[in-house]
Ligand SMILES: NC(=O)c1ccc[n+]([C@@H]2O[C@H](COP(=O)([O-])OP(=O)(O)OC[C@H]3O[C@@H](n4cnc5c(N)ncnc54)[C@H](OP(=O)(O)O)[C@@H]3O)[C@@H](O)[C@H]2O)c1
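A single chain comes next, written as structure tokens; it is the form predicted alone.
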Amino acid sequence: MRVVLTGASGLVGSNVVAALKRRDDDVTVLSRRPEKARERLGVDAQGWDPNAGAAPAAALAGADAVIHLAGEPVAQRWTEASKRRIRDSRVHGTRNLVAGIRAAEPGPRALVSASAVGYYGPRGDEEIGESEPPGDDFLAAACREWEAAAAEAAADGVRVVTVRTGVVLDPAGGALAKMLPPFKLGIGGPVAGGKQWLPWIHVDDVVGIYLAALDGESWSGPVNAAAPAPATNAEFSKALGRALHRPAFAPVPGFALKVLYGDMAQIVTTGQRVVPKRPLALGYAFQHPALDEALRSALG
């Protein structure tokens, strides 16, 4: 299969590229810095700035599918400027990608586009499958527009899958990497009371879901990339402490996160009880469905 990727240098993207290479797929990445991407990832790389204009049709022509992962990092202090970058990089970037797909001849027949569980907004203890409506906060609105931009490709007969990803367990980056230093020092613990849900997923299963969505003609629309058994923040903290053989009782007050991250703190202090109803219905078998084993695996 010939696959084109955006956002290939990120945590998920680099793992997806490695998995595609292992199965001998023909991989091309679109990158602002193609020389660096080519050297780091060992695949063909073509230049493209998602905010500058349509993706290069020549790079997309003849591809079987596109995996779209590009976007400004969410895990930063939210200011008006950073929120604008987070939204625009996803919405305008995806529209520009779809414009390139539309112009390619022949064009790809599948688009697997990233999204996030932030689509649902804060929902308390409610169990959330893919059919639930979006929330009304900033991140939910950005995800809604992001997915709508990807869905525009369906008008040209492209099969579109949007992957709503939770907290990825990989010590090389993302939320887990930020949690590790205090926990290793024995000063980690639950955040803002710990009752909020944390929709976690092992990086192997994120990659597995992307590959299943890539290959499966029956996969379309939104899919939740979260493990079947979400944990509360307190449960996750205890499990991480067990995996590291460290105590995990030092509470982190919500106001401290608010001081550090502004409105972005709500991602950690609210959370969602997301479950992967559609991947399970489509036959995806999770490699790491249990939290303790998943953390042991992720931490090596």
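From a predicted model like this one, the values you see are computed outputs, not experimental measurements. We number the residues from 1 along the sequence you see.
One more form of this protein should be noted, the form predicted in complex with the ligand, which is absent from this view; the next part is about it.
Note on the partner interface in the predicted complex: the residue among 158, 192, 167, 209 having a heavy atom within 4.5 angstroms of the ligand is 167. For the residues 116, 198, 110, 101, the 4.5 Å heavy atom test against the ligand in the predicted complex is passed only by 116.
Residues of just one listed stretch (101-109, 213-221, 147-155, 167-175) have heavy atoms within 4.5 Å of the ligand in the predicted complex: 167-175.
At a distance threshold of 4.5 angstroms between non-hydrogen atoms, residue 124 is out of contact with the ligand in the predicted complex. When contacts are judged by a 4.5 Å heavy atom cut-off, residue 130 does not count as touching the ligand in the predicted complex. In the predicted complex, no heavy atom of residue 289 sits within 4.5 Å of the ligand. Interface residue remark: residue 248 is not counted as part of the site for the ligand in the predicted complex, having no heavy atom within 4.5 Å.
Interface residues of 5-36, taken as those with a heavy atom within 4.5 Å of the ligand in the predicted complex (partner not displayed): 7, 9, 10, 11, 12, 13, 31, 32, 33, in sequence order.
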